[in-house]
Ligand SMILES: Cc1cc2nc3c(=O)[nH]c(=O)nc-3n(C[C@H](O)[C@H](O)[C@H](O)COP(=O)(O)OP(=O)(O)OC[C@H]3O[C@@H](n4cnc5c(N)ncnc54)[C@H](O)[C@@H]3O)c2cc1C
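Given next, in structure tokens, is a single chain: the form predicted on its own.
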């Protein structure tokens, strides 16, 4: 949209341009509907605005500059994108289909309809073609090679994870936006395709409230950033509204608008514990793509893999047990993680602290602590078997792990909650889908309970933790839901 009238009307309003919102807009616009997409962040030119370094990238591309806390007895750092394309612009591009076991559990626990592996397969096929999903193949970067060496030494199963990164040049820009357009975020795939089909995108649009009457949403009130630095209040009326603002902002907006039925009470995440491993040889992990293998031997509860790595990330990881001398060895270090499916439950609420504030809580379950401890034991053992001389967990007060005996103890002992420094980049399930009226905020295809024309279609809709990187699940479900919506119009 090149102009911002004080009031406008559209058939379909989509709030958010990430994996869910962009796919929704694309399919509905291709069907001939009038579609407007509101995005809170800015549109960026990859050639000029991406790959500018961690600090500048966090200012441009991340919500709250990458500093969103999840509160609880174990605080957790959470990051997500806020720009055209959402978190697809800053993630690793790792791609997984929702595991069959997980889909079966969702059918059993949430009465989720139309979501078997076979029913979702054509939507995964479509998304994988759109994004050019494939594996990079060898030669692997050194950080992947040493990880593979450890996997072989342990006799475990691992796989190179497919990525949405066509012709990746391994510049280590994934978390800063790929200036080469190799990583296929929504800004270079679904967004331009949706615009070509007629969808209109309005950026810098801060949705304040959904307006409702007689069981319907009539539109939204939003403040739009103007070029002079001021904001303008606009009203957008719509026949149908899809809220795709992300796993925390979607429930926050719904609750801020008085829509609370099973909304924001069941947040799930994948808690992650990072480690640094120091090797005798140079790894130069800051100069290449993150490690490309994942160990799924202990899935879906625990996965082991490689983390994005820069000098700044190394310093952050070492800060729990800071020794400046360690930074002299950064060239010999690589970053890795333990991720667990997450058995705890979280809560999302709009905050009273400011317009861009959402309060997020998650209570780490006892099972999470067990899985994190077991995962650390196995990851540290793997890295030592790969030749690492020391493994540095992000656990305050913990000495480096230098032997198999020091690593394996965590299969029996439990990490101290008060000392953990956890992060996550995966959140979901705050508005779960399904036919269980005692559990679900929306039906199996995303229509919000008690409203005739309101839908959720982003990570918040996934009924529970998928145990894998969620972008594939979000895109497949979003397309399925959009096509189902179109079928109901006819």
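Residue numbers count along the first chain shown, from 1. If you're wondering where the values come from, they're calculated on a predicted model, not measured in any experiment.
Below, we turn to the form predicted in complex with the ligand, even though it does not appear here.
Undergrad: Does every residue of 72, 344 and 415 put a non-hydrogen atom within 4.5 angstroms of the ligand in the predicted complex?
TA: Contact check failed for every one of 72, 344 and 415.
Undergrad: Does residue 467 reach the ligand in the predicted complex if we count a contact as any heavy atom within 4.5 Å?
TA: Contact check for residue 467: no, nothing within 4.5 Å of the ligand in the predicted complex.
Undergrad: Does the ligand come within 4.5 Å of any heavy atom of residue 247 in the predicted complex?
TA: Contact with the ligand, yes.
Undergrad: Does residue 368 make contact with the ligand in the predicted complex, using a 4.5 Å heavy atom cut-off?
TA: Close contact is absent here: in the predicted complex, residue 368 is far from the ligand, nothing within 4.5 Å, heavy atoms only.
Undergrad: Would residue 166 count as a contact of the ligand in the predicted complex, using a 4.5 angstroms cut-off between non-hydrogen atoms?
TA: No, residue 166 sits far enough from the ligand in the predicted complex that none of its heavy atoms falls within 4.5 Å.
Undergrad: Among 316-324, 110-118, 394-402, 87-95, mark the stretch whose residues have heavy atoms within 4.5 Å of the ligand in the predicted complex.
TA: Heavy atoms within 4.5 Å of the ligand in the predicted complex occur in 87-95.
Undergrad: State the residue from 385, 293, 193, 79 whose non-hydrogen atoms include one within 4.5 Å of the ligand in the predicted complex.
TA: Of 385, 293, 193, 79, the residue with a heavy atom within 4.5 Å of the ligand in the predicted complex is 79.
Undergrad: Please pick, from 38, 442, 422, 454, the one residue with any non-hydrogen atom lying within 4.5 angstroms of the ligand in the predicted complex.
TA: Of the candidates 38, 442, 422, 454, 38 is the one lying within 4.5 Å of the ligand in the predicted complex.
Undergrad: Go through 7-24 residue by residue and record those having a heavy atom within 4.5 Å of the ligand in the predicted complex; state none if no residue qualifies.
TA: 15, 16, 17, 18, 19, 20, 21, in sequence order.
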